[in-house]
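This document starts with two versions of one protein chain, written out as structure tokens and named structure 1 and structure 2.
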Structure 1
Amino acid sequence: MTAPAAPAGAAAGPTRTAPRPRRPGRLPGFEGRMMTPGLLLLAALSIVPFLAIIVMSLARVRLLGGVGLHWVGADNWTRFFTDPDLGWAWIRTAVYFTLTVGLEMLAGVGLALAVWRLARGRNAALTLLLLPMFVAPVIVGLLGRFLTDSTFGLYTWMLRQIGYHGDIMGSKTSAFTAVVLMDVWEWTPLITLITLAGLTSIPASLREAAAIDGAGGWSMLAHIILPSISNVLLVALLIRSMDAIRYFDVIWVTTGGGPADATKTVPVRLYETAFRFFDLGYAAAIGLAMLAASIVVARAFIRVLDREGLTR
């Protein structure tokens, strides 16, 4: 026996109205109010200083007798584009950037492959390799300066045993080489760590299938391993590039930009302009140019990552 049907128009029961769809990109009321103080603080800590630097780049900053700005228009930028010393500093920065990042990528990938192949003692080897990364850059610079000292430096003594009697930090080429190698020594472990994380994610079945098909060591590396971790290597390259383009600590502690400006990169020139000569307007222009260069490099890498589908 079936129950009688409800009469037409009668309510069948309590109904619920469908929730209103939220507009995409619009913060909910409560969450938005809770985030507002933090967003305002972040804006004050980033946007306000940025606008202040833009204003400083168009003025001459006076510090004696109180802080004052004298409007000079585009004079600082005209000087920026016509300063030959700054032009050479940009060239040295580009060479330093290319050498450090290139050597770190090569050494980091090689060390990661070596550690990955270890059957025993992998954790101990990785711990020893990562130690330089945890040393403060200033300490790395001080250590490098003592090791290359012309009187009692260990590296100086070792070079004298093979016939080199020059001062490492007294020659342009050797001083530049020394600061590059210090940077490589400190930050190669970072590339090793990131690369090793990518290597451990390669499926063992893929390598076994390649080995069954007769792939040798170099073929396995070129056609299986490196393509499998190419995205990880791009991320490591981006992380290291953003730091290398503005590196300052080791160079300033070891050589101070010398000898004869051989190691004076753009960050060192910026520091001298601002805090040794107190030309803050010109220093602001240099800083904005460095920011623009960093954005260009970052955008280039992000474009590659987007093409590889890693930004989704």
Structure 2
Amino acid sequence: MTAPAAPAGAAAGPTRTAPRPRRPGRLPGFEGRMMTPGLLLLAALSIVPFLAIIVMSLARVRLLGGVGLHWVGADNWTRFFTDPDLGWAWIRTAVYFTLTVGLEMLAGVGLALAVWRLARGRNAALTLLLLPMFVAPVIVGLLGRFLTDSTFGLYTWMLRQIGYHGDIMGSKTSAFTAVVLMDVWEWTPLITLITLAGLTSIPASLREAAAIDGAGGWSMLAHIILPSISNVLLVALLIRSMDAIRYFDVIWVTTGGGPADATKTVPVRLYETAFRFFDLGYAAAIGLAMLAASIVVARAFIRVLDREGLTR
């Protein structure tokens, strides 16, 4: 073990640098004291679990008769890279992610442009359109099940009127479509809200000048409006992407990953591995990989903020 070396190295650190004059904003100042309680708790809540999940991913976790870790080295990781089922789960996750986020961006931006053009009732319409965002995802899923039930679902009945007789949650493609649409129902309003904020901040003079120059309709949209809100759209995309990786409640309560694994995304698979098969070590390896994926997106988010000088 090289553990004793670490504190020695750390102690050597400050002696190398010449003592600097204290600047007003340096850490143990007022700002530092204000941050300390919050950051200490956050450190406890993030670093401890982070270290724990790394250790777990290298072990077999025993739960009966007290928690026990049995060291297995890289076994979980070997399995992680050779598990064909997991490979498919990643592909399904990528498809699910692309479809939900893509549809939400398209519908959300389109809807924002439409709301923006409303002559009257804009606030009332927006308020009503935002409601799905506040619905607990588990209720979205259960409500979706209710609406698509094969015997009494309202949507099943509607689809039957136009000639579709299948069991929505029973076949692979339609079940996948259904869980995608449930996510789209809940989160399109977020994109609409963010886009609308961008649209209303375009200076009127810019749009007027373009209109006087003869730009109308599509060319106004393509050359003036969309470029002016491109950064806002990027923020919307990143925010939505980060949350799309996080949640899986809807799938868990509607299909549970079925039928025939059609909706088994990586988070669903992780939950199943951990809390149905109690293979916590392997689940930890999957969890770490998901964490890495979300950190990539978070980095991009920070970079956008930096470019706009928003990290202050």
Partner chain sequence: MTRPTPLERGSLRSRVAAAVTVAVALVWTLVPLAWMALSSVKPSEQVTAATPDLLFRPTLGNYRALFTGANDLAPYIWHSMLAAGAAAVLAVVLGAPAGYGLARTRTRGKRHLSFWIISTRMAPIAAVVLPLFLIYRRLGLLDSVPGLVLAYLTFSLPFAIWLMSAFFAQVPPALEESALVAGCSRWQAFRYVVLPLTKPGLVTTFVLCLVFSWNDYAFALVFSGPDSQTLPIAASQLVTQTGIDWGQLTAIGTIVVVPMMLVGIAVRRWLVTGLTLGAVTGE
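Just so you know, these numbers come straight off a predicted model, no measurement behind them. Rigid core (definition): largest C-alpha set, two forms, superposition within 1.5 Å. Every residue number counts along structure 1's sequence, beginning with 1.
Q: Of these two, which one is the form predicted in complex with its partner chain?
A: The chain shown second - structure 2 - is the form that fits the description.
Q: Is the shift of residue 291 between structures 1 and 2 large enough to count as movement, that is, does its C-alpha move by 2 Å or more after the core is superposed?
A: Where the cores coincide, residue 291 shows only a C-alpha shift between structures 1 and 2 that is less than 2 Å.
Q: Using a rigid core superposition, assess whether residue 40 undergoes a CA shift of 2 Å or more between structures 1 and 2.
A: Residue 40 C-alpha, core-superposed: shift of 2 Å or more.
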